[in-house]
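Only one chain comes next, encoded as structure tokens, the form predicted alone.
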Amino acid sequence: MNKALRSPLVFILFVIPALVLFLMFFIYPIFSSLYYSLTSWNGVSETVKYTGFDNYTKALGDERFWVSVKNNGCFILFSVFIQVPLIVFFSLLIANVKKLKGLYKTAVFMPSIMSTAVIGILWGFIYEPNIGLFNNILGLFGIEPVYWLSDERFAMLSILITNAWQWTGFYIVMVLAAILAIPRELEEAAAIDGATGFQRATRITLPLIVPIISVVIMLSIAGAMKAADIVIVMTKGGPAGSTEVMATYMIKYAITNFKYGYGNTIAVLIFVFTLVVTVLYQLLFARRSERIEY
């Protein structure tokens, strides 16, 4: 048995199925999208007309495309600078709860296992101008109703809040696991030395969970770049395209308007932008996190 496991052929046989799936569902789609992005194919006809880089020129010169890029940037900034600090804050609170810790973990995790369609409809009622919860609260202070999802000033912010509410609990559970894995002896020793709860959190807990925070930030960036479902459910990219993101922009052209070639161009640009953002994050923050860790 041991001799068989040392054989390179055995390892190759184990690797081949995964390699085939990787080629079929990752490599092939990428090159397929690259090919069709250089055409004007409608996704139905057998005729595929080569157009070169015309689709890329059109996309990069389209103001609505850059609006969608900006909105994806809003998703990233909101996730990194607002959502992640809240995740760490609530994780520290729950980690120090003495009773019903399991209940709190279940409660915060519940939204992340719900369908995005359900989340969108639920928050649609909360944002409803006449009977919605937010406007009822504003009415108590004599403030006029706000059209959260139909006003360009508030629509994007409303979606960001809803998206954060859905996924914050998922990341809290991840950070909580890292916090609870820290040996209790470290905090007990610090407490004996006179360290306050705030000092223990900032000088012991946070430095030790930097790696998981880095993972949370990376996952948040990835989620922000592929955000589409929550936008489709809540606003369909409106009002007037103010909440359009790159994924909904791609769907609108590739599926709704039968411009499959142009849709693949947007898909390639999403891939490139995501790759650039990921590499920048690794260069700017990952190394800094490693220095903090050590």
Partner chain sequence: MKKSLVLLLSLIAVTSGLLAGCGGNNNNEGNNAAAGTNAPNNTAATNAPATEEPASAEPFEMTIRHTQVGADKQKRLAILQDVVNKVQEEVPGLTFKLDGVDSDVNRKEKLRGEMAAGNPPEVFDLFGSPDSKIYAKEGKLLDLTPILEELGIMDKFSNLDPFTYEGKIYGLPIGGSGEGFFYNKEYYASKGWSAPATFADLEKQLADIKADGKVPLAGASKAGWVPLMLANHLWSRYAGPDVTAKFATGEAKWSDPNVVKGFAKYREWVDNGYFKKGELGFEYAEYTTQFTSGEAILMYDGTWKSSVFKEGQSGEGLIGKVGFFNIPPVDGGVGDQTALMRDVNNGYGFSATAGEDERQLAAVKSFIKNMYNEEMQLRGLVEDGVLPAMKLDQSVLDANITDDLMKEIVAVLNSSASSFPAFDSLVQADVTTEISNIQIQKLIGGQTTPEKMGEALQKVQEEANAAVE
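Keep in mind that what you see is a predicted model, and the values were worked out from it rather than measured. Residue numbers count along the first chain shown, from 1.
If you look for the form predicted together with its partner chain, you will not find it shown, but the lines that follow are about it.
Engineer: Is the gap between residue 152 and its partner chain in the predicted complex 4.5 Å or less for some heavy atom pair?
Structural biologist: Close contact exists here: in the predicted complex, residue 152 approaches its partner chain to within 4.5 Å, heavy atoms only.
Engineer: Should residue 246 be classed as touching its partner chain in the predicted complex when contacts are defined as heavy atoms within 4.5 Å?
Structural biologist: Close contact is absent here: in the predicted complex, residue 246 is far from its partner chain, nothing within 4.5 Å, heavy atoms only.
Engineer: Indicate whether residue 104 is a 4.5 Å heavy atom neighbour of its partner chain in the predicted complex.
Structural biologist: Taking the distances in the predicted complex, the answer for residue 104 is no, it never comes within 4.5 Å of its partner chain.
Engineer: Given that the partner is absent here, does residue 253 sit within 4.5 Å of its partner chain in the predicted complex, heavy atoms only?
Structural biologist: Close contact exists here: in the predicted complex, residue 253 approaches its partner chain to within 4.5 Å, heavy atoms only.
Engineer: Looking at 263 to 271, 45 to 53, 221 to 229, 27 to 35, which lies within 4.5 angstroms of its partner chain in the predicted complex, counting heavy atoms?
Structural biologist: Partner-contacting stretch among the options: 45 to 53.
Engineer: Let me know which residues along 225 to 259 have a heavy atom within 4.5 Å of its partner chain in the predicted complex, or say none if there are none.
Structural biologist: The stretch 225 to 259, when checked against its partner chain in the predicted complex, contributes 233, 234, 235, 236, 238, 239, 240, 241, 252, 253, 255, 256, 257, 258, 259 at the 4.5 Å heavy-atom cut-off.
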